[in-house]
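For reference, the chain that follows is the form predicted on its own, supplied as structure tokens.
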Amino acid sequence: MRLDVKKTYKLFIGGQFPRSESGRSYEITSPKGVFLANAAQASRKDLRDAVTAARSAFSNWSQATAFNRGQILYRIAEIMEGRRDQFIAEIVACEGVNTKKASEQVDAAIDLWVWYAGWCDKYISVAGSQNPIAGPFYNFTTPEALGVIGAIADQKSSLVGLVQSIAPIITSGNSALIIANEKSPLSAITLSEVLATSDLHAGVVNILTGKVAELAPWMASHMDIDGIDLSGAPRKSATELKTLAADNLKRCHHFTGESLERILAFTESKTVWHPIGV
């Protein structure tokens, strides 16, 4: 009789897969209580390391061409397609849904990457403008990446909620740190493995597993995070998190589904004046 080899999942910080510096982990079980794996329980130090990695990666990623970012997002979709069966199996095990529903969630997640990949070189044209000026000048307004964005993934779905948080943030050139689904983080770390082999710059996306109630206040109060997506935050803690975020004027947003607004929410408008040539 052969014993199953249970996996101990790690964090994803700066393109690497470290254990939590605290040494903590927690058990992941199926809805019926069957042990599935151990996941790293991120600490405050892990979150600070993720912010440092995201800040270091921001400059190069935000300066990459929109076409290049779109290629990388599409490559993520390609790799996920190749590991489709693994994602399905993990969702079935963690969420207790049938294979059909798990397949639909994986397909939706892959389609999201393709959808946002298409927006990479288009959202500026849609949201930007040439402004009317009374003088011999051109005046252009364009959206640019805000910086380091934190997000709490939607806790209702282990994969779609995660991709809905990550993809729009990095589409515009931001870097991100994400708190994954607390009860079902297996597909989040599998996605980390996909990101690590997709040509995505190290540190652009950092994924933490652990307790949302513990990590969220530290994320909201961190002074080097420029914005936060509270879509997966418990309603009872939303006001507290917004209060903590106010210390450095973080942008706080809550979204449902995918939209252009999820891209533009974490950009800032830059206006350029240029003289009209003779």
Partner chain sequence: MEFTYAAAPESRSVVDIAPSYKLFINGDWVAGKGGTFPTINPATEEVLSKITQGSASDIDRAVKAARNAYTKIWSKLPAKERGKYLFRIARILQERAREFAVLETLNNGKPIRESRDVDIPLAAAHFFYHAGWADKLDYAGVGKSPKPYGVVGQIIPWNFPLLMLAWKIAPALATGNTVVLKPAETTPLTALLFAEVCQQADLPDGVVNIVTGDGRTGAALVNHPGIDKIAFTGSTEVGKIIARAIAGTEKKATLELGGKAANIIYDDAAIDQAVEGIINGIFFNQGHVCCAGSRLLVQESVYGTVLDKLQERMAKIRVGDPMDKNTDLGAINSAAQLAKIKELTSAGDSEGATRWSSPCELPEKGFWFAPTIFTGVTESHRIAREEIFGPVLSVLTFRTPAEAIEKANATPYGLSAGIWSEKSSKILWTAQNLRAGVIWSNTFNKFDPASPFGGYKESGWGREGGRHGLHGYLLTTQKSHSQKGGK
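Computed from a prediction, not measured in an experiment: that's the story for all the values here. Numbering follows the first chain given and starts at 1.
Another form exists, predicted in complex with its partner chain; not displayed. Remarks below refer to it.
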Picking from Ile79, Leu200, Ala145, Val92, the single residue whose non-hydrogen atoms come within 4.5 angstroms of its partner chain in the predicted complex is Ala145
Going by a heavy atom distance of 4.5 Å, is Thr65 a contact of its partner chain in the predicted complex? no
Give a yes/no on whether Lys270 approaches its partner chain to within 4.5 Å in the predicted complex, heavy atoms considered. yes
Is Trp61 a contact residue for its partner chain in the predicted complex, using a 4.5 Å heavy atom cut-off? no
Gly277 near its partner chain in the predicted complex, any heavy atom under 4.5 Å? no
Using a 4.5 Å heavy atom cut-off, which of 30-38, 235-243, 43-51, 214-222 contacts its partner chain in the predicted complex? 235-243
Residue by residue through 247-270, tell me which have a non-hydrogen atom within 4.5 angstroms of its partner chain in the predicted complex. Asp247, Asn248, Leu249, Lys250, Arg251, Thr256, Gly257, Glu258, Ser259, Glu261, Glu268, Ser269, Lys270
